[in-house]
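Next up: a single chain in C-alpha cells, the form predicted on its own.
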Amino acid sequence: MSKTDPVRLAVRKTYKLYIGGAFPRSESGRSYPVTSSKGDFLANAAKASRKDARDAVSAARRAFPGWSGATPYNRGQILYRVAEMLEGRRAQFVAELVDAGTGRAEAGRNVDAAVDRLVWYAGWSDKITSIVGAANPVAGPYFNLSTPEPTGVVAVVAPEDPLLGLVSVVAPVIVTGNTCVVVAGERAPLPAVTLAEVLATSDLPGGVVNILTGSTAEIAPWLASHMDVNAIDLTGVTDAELAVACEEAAAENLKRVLRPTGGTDWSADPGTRRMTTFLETKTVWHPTGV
C-alpha cells in the first residue's frame, strides 16, 4: 500500500436471527458478546426472546405443508445443494471454528465431515420409507400398510459442537419432512448464523429451518411448552435440571422427546435413530378386492 492509498475500514459482519427465510434482529433489541477461545471479542450475536421463539414456530408451521408435501427425492436434492453451498464457503467455516478453539487441521476435517453428513442424509431421503415402512400380514382379505410420516414442527437444542454437531441434529429432522426451530450453541453461535446464510441461498424454502441464537436456558423451556411444537430434541441441554423441566413441559401436549445423552461422537456413523425419532407411523387397511 502506498502512502497515498486511503485507509479502508473493515466491514464488520452483523449476526442476526434466521426466521422464515429472513434475517431479523431480536425483537427485544438484545445482543450478547461472542469471544474467541482466547477471550478476544469476535462479534455481537442476537439474543433471541420468547417472542422470537414464537415467531420461529409460526414460520416453521407455515412451511410444514409445503415441505412435508414435497417429494423425498426433491428434499434430497435440496440437502445435496446445501452440502454444495457449505463446501463453497469452507474457508469461512474453518476460520470460525478456529476462532471457537478448534485446531486448524481439525477444523478442516469438521467442515468436510459436515458436508459429507449432509450428503449422507440426502441419500436417505427416498429410502427411509422403504426401511421403516412395512406391508403387514393380517388375518383377512385386506392390505395392511404402515408408512412413516413427519411429526411436524420440531424444536432442536443444538450441541456446542458448532458445525458438525449442528448439521448432525438438523439434517435428520428436515430430510424426513419436518420443519424445525433450532437453538444454536450459546458459546460459539457464529457458524450457525453462517450456516443460515448457506440455507438461505440453497433452495431450502423459508421457514423449514429457523435458527435462534442466545440463552439456551431462556429459550428452550418456551419451545418445550409451546403447544404448536410437536417434538423436541434436547441434545444440547447440558443442565440436568433444565432437561427435566423441558421434558415435563413437553408432556403437556405429548411431544416426542429426544433426551440428551452427553459425550456424543459426532464423527461416528449416525445411524437412522435421529430420523425415525421424529416420524409417526400411519397404518392403512384396504380391501384386497376379488
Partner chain sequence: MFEYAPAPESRAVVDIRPSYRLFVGGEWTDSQGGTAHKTVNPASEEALSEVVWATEADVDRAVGAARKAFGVWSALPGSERAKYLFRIARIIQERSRELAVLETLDNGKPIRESRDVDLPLVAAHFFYYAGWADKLGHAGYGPDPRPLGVAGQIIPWNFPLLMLAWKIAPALACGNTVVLKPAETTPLTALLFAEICQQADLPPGVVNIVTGAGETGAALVNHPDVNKIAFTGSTEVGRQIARSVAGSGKRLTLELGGKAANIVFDDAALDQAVEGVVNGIFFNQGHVCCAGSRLLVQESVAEELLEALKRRLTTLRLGDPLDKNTDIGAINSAAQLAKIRELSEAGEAEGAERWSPACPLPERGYWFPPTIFTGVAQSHRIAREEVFGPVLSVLTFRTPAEAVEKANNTPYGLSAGVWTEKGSRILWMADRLRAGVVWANTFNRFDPTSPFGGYKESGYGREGGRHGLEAYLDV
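Numbering follows the first chain given and starts at 1. Here the structure is a predicted model, which is why all the values come from computation and not from measurement.
Keep in mind that the form predicted in complex with its partner chain is missing from the display, and what follows is about it.
Contact check for Asn253: a non-hydrogen atom falls within 4.5 Å of its partner chain in the predicted complex. Contact annotation: Glu248 falls within 4.5 Å of its partner chain in the predicted complex, judged by heavy atom distances. By the criterion of a heavy atom within 4.5 Å, Ala139 is counted among the residues contacting its partner chain in the predicted complex.
Not displayed here, its partner chain is approached by Ser146 to within 4.5 Å at the level of heavy atoms in the predicted complex. Every member of the trio Gly133, Arg259 and Pro287 reaches its partner chain in the predicted complex with some non-hydrogen atom inside 4.5 Å. Checking Ser168, Ser125, Asn110, Thr151 against its partner chain in the predicted complex, a heavy atom within 4.5 Å turns up for just one residue: Thr151.
Between 158-166, 100-108, 77-85, 125-133, the stretch whose residues reach within 4.5 angstroms of its partner chain in the predicted complex through a non-hydrogen atom is 125-133.
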